[in-house]
Every structure is written in C-alpha cells, then in structure tokens.
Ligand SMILES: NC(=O)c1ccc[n+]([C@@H]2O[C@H](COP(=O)([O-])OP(=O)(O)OC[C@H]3O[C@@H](n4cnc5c(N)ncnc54)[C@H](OP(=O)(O)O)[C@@H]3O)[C@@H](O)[C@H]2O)c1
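Single chain ahead, written as structure tokens, the form predicted on its own.
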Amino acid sequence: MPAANVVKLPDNASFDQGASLGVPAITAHRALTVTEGGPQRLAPGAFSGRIVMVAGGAGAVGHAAIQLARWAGATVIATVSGPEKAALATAAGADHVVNYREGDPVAQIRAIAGDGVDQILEVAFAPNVKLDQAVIKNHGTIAIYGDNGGDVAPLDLGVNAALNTRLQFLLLYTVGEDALATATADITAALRDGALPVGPEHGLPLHRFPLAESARAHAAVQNNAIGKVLIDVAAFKSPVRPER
C-alpha cells in the first residue's frame, strides 16, 4: 500500500470506522463538493441553508454522505426503496426519508424543498433520472457516482437547459491527488468531531468475518449485504503446518 494512501485515525476513532469509511466516505465527500457555487470544503456550518438529496441512503456511500452533509449543516433528504432501508437512513441522520416506490415521491420531496434541492448524490441515475430532473433546483448539481440499474439514461435537454443543471460524473480512482487530500483532511476532522459513527444503531450494520473466512465475506458483498462487510485480521492465527 503506498504510504500516501494510508491515513492515521484520530484517537477517538475505532478500527471499525477506519475500515468502513475510506472509499465510501471519500466518494461522498467528492460528490458533496463538486457543486456550482457550493462549498468546496466540508466543515460545520459550510452547508447551512442547503438541501441535499441522497439517493440510496442506506448504502455505504449514501450513509457517509448523510453523515457528512449533516455535519456540515445541510438539510438531508434520503430516498430509499423500503422500510428497512428507511430505518437505516433515519438512523444515519437523514432529516427526511422518502420511499421512491410509494405514492408520489416528487410531491413529497417538493413539499420539503419547494424550490427544489440544491444537489443530488446519485447512485442509480438511469432509473432515477426523471425523479432527479423533477426535483433539482435551478443551477443545481446532480453528482453521479454509480450506475446501479443501468448505464444509459435519457436526458430531457429542455428541462435541464432551463434549470442550468450541472451533471457531475465522478470516479474516486481518477479524481486526482488534490481531491483525495482535501477529502482526507475533512473526513478526519469529521471523525474527530464524532460525526461518522458506524454500526446498526447509526444506520450502517457491520458484518464481521475472520480472515480465514474471507471467501464468505466476498460472497456477502456479492450478495448485496446491507451495511459494511469487515474482516477481523488480528483475530486470525496461521494454521500449524504438520511436520514431515
């Protein structure tokens, strides 16, 4: 591992947090800070007065985005697909949770954000594009970090032109060293403030496996386990080789 990719945890942060936050939290930070005219850094009060919508609020990136946005002072709307995920998004700190499979989600979101939401963090742009276009604010930003549900999305050019919508695609591995360094500094500050707890009571269930059962851990990820899959390396003991 390159030394530049390793970050010292604050004294008050657990190893569970360190293992859970790296890629998801940095992705969330990037998605929160690429908005037109919005804050480029996260800190308490930086997002005061802003409304952020997090698609997939029960996912790992969504969880980190909710916590970081709330730490920065935003009002957070999370969209989810069912009651179990709604409970997790609420536990993470979302101010409002909307089930996009029930009722009229556009009306529900507009009831919270009459002028539209300032920014959307989107993990499934293809299936959610119509909803996003219907609730984004003029000069709002849709930050797209995933292609769940498909990698081709129909865009209404007239709607987006009228709203001056900014579509910001991002991939953590190519954002550049400056963006990574900025995210690392802000996330470390949030950890020091106790703003990024993990565990089921904080909206991010932890699924633990010993190192010897790494294959089962990978299977849990492939089967879309809700939460974070952690491998306890320290508990592993190498098997004794029989003498020949």
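For clarity, every value in this text was computed on a predicted model and none was experimentally measured. Note that residue numbering begins at 1 and tracks the sequence as displayed.
As for the form predicted in complex with the named molecule, it is not shown, yet the points below apply to it.
Checklist entry - Wondering, does K85 line up within 4.5 Å of the named molecule in the predicted complex on heavy atoms? => result K85: yes, in contact with the named molecule in the predicted complex.
Next on the checklist: Given that the named molecule is not shown alongside this chain, does D104 nevertheless sit within 4.5 Å of it in the predicted complex, heavy atom to heavy atom?
Outcome noted: Answer no; every heavy atom of D104 is more than 4.5 Å from the named molecule in the predicted complex.
Next on the checklist: Residue-level contact is defined here as any heavy atom of the residue lying within 4.5 Å of the named molecule in the predicted complex; does L171 satisfy this criterion?
Outcome noted: Judged by the heavy-atom cut-off of 4.5 Å, L171 is in contact with the named molecule in the predicted complex.
Checklist entry - Is there a heavy atom of D156 no more than 4.5 Å from a heavy atom of the named molecule in the predicted complex? => result Residue-level check for D156: no, no contact with the named molecule.
Checklist entry - Since exactly one of A89, I77, V123, A72 fits, which has a heavy atom within 4.5 Å of the named molecule in the predicted complex? => result After the contact test, the surviving option is V123.
Next on the checklist: Partner absent here, but in the predicted complex, which of 32-40, 208-216, 178-186, 58-66 has residues with a heavy atom within 4.5 Å of the named molecule?
Outcome noted: Contact-bearing stretch, as computed: 58-66.
Checklist entry - Within 141-160, which residues come within 4.5 Å of the named molecule in the predicted complex, counting heavy atoms only? => result Going through 141-160 in order - heavy atoms within 4.5 Å of the named molecule in the predicted complex - the hits are Y145, G146, D147, N148.
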